[in-house]
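Next up: just one chain, as structure tokens, the form predicted on its own.
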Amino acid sequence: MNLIGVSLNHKSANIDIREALHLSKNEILELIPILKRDLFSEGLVLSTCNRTEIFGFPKDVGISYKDIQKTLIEYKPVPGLNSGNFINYFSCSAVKHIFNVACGIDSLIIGDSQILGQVKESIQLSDDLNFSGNVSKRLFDQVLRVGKRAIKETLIGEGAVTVSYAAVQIIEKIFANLNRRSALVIGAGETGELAAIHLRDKEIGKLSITNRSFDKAKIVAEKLRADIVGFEDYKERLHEFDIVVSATSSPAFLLTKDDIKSVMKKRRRAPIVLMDIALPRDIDPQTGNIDNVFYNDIDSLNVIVEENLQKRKEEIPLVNDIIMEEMVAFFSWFNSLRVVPTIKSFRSFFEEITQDELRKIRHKVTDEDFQKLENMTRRLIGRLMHNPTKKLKEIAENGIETQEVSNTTAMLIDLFDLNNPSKDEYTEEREN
């Protein structure tokens, strides 16, 4: 198989280069026609926050990794980017790498829950731009199957592996029905927004955002259909919320033990969850000593994250077993393609003989007898062809070396003179 590809990811390049090389959907739509024109007959372009990859089947045997790298670098020049930032793949290693990516075991965060969807979107773009063909379509189907099997048959995607998600999972254990609860997220930066997204995904009853910058709070609030609480007012309204998640960059505590004592009086001791996912911390850890206050900071959440990451790592051998099964299935199918032309020629050879002999007898028997002869002849030819056809497929699907497959098909071609399908010598002798 001549599938080749290059990958720039978290293993080969720093975050500055990865971010600079990231391709938007519009950029991929522009790049694919260039790849079709210069390099590949069919292929795939995948670009996420942690990887940019191009794989394809070369139009010419002279096309190499360097050509792919050169095309990408010329399309999107990035300071500091060079060939050393790329990892190259060919044939089996290329297929295995794409499978690894779809399963999330090649991700920066093992078991990344988003990567399979991103792979699916890239496959759709290839289909939309006619950048997929017979072989790549089969490969793409297998890629999606591998990713789905990994999710369904293993625990590779289970457990929180980000602090934001770990915080929300703990909240779920304290409050069973989040749709009846209200939450305030303090801070509209990346971490705070991620926590707010997870709360929205868990169908929190009421979600509010506060931030020093009102404009930034407004952007996040509008995106998540959340309310905005003025930063100057949030302490006065803190008692309204069952859940408080704080993720700012404040150098000092935003909430002290006395602040929370006051809140609990207003809440009449109703339970409250405080999730401090800021570094340095936003909430005085002494608040955890107050009755009915459930406090967690980034250290305790990191313990959960590390435990879940370890559990995911333990699932990798099971994922690798799935990948191996699917690779065997894919290459069995691909290898069988090598004997398809010979099988077609073999069938055509017997079909021509069948038609020739039936034509000779067509007007010498009744229609009823001719139908019987025709059916009998087809059954006979089918049985004669069955074992050779089956054996050819088995040879290819079992992964026997190309030379051995070539020798077998060459012998069959020679025995039946399949390269010269015109009138055979036996017929000529009879006619003469």
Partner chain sequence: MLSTIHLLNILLPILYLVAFVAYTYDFIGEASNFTNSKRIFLFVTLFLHTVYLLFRTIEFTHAPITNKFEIFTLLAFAVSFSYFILELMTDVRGTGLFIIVVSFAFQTVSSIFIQDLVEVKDVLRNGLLGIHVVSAIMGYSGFTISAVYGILFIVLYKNIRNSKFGIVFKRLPSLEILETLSFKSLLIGYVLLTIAILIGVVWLPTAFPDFKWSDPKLISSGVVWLIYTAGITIKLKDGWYGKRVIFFSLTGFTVAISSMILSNFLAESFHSFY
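Note that the coordinates shown come from a computational prediction; the quantities given were computed from them, not determined experimentally. Positions refer to the first chain, counted from 1.
There is also a form predicted in complex with the partner chain; it is not shown, and the following applies to it.
By the criterion of a heavy atom within 4.5 Å, E351 is excluded from the residues contacting the partner chain in the model of the complex. Using a 4.5 Å cutoff between non-hydrogen atoms, I105 does not count as a contact of the partner chain in the model of the complex.
Contact annotation for P271: at least one heavy atom lies within 4.5 Å of the partner chain in the model of the complex.
Taking the partner from elsewhere, N177 is found to have a heavy atom lying within 4.5 Å of the partner chain in the model of the complex. Looking at the partner chain in the model of the complex, residues I34, E121 and D141 place no heavy atom within 4.5 Å of it. Taking a 4.5 Å heavy atom cutoff to the partner chain in the model of the complex, the contact residue among N289, T256, S91, N130 is N289.
In terms of contact with the partner chain in the model of the complex, the residue from S300, S336, T154, N85 that brings a heavy atom within 4.5 Å is S300. Between 244-252, 261-269, 214-222, 196-204, the stretch whose residues reach within 4.5 angstroms of the partner chain in the model of the complex through a non-hydrogen atom is 261-269. For the partner-free chain shown, just K311 of 310-329 comes within 4.5 angstroms of the partner chain in the model of the complex, judged by any non-hydrogen atom.
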